[in-house]
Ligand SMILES: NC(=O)c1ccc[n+]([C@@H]2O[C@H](COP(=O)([O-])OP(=O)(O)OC[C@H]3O[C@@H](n4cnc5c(N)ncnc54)[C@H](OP(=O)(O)O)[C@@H]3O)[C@@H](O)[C@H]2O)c1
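Only one chain is given next, in structure tokens, and it is the form predicted alone.
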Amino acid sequence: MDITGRSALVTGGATRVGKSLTLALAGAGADVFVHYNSSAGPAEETASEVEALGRRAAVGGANLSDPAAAAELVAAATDALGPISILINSASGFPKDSLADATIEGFRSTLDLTLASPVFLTQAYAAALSGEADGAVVNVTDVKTRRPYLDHFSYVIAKGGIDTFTRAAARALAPRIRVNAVALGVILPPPGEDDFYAEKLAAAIPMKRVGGTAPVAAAMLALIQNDFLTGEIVRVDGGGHLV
């Protein structure tokens, strides 16, 4: 897929990894709708950076803890930028719980934001993509779905669902829409932690360093641009899955 002139929707596109994906798409020639939940100021700043790259930008808020907001978000992005041909499902929480102390409410809330909303965003996006138009979806998942966290139980269950959803949607939407994912390792410090925390984690992986967001953006672009890839989950983890 040639990204130039396409319109993209990036959930959680205002900060952290989501911002990097937004700016990478703009740098490759896409117009971008930047979704946010509570980060309105950073979303506007990110949109300004998109425009500085010579592309159109729009912003919109939605609480994706309610999956019913998905269809409205796709409609808002389409109204702002025209038909959306690239969807990046990046928005996610990172709550702390374990199997022993998980609650029904917390578990449901995590699944709604991290799994159900990407599912119904993709459904709405596919329904809105008209005629013979082609499209690409990239989901953001976590390498820890294979060797799960003990203290982010609900989160890793939801991301495991994203892995399965990526493969199922790739089959369901082929050949017109391709669905792939990037699985992240030590990319940034988790929310609430500092650089030293991330560096300690990185010391245990083969590459011995924190990845930063650039490798994630590069992997996303490669998945979109290679039109014979679908159902793939690319690990961006510095070899962390090897240890």
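Remember, predicted model here, so these are calculated numbers, not experimental data. So that there is no doubt, residue numbering starts at 1 and follows the sequence shown.
The protein also exists as the form predicted in complex with this ligand; that form is not presented, and the subsequent description refers to it.
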item	value
Heavy atom contact within 4.5 Å of this ligand in the predicted bound form, the stretch among 24-32, 38-46, 173-181, 51-59	38-46
Single option in Ile205, Ala217, Ala70, Ile187 placed near this ligand in the predicted bound form, where near means a heavy atom within 4.5 Å	Ile187
Position in contact with this ligand when the complex is considered in the predicted bound form, options Ala77, Val140, Leu87, Ala158, heavy atoms within 4.5 Å	Val140
4.5 Å heavy atom contact, Asn226 and this ligand in the predicted bound form	no
Ser92 within 4.5 Å of this ligand in the predicted bound form, heavy atoms	yes
Interface membership of Ala169, this ligand in the predicted bound form, 4.5 Å heavy atom rule	no
Partner proximity in the predicted bound form: Ala116 to this ligand, non-hydrogen atom cutoff 4.5 Å	no
Stretch 55-81: residues contacting this ligand in the predicted bound form, 4.5 Å heavy atom cut-off	Ala62, Asn63, Leu64, Ser65
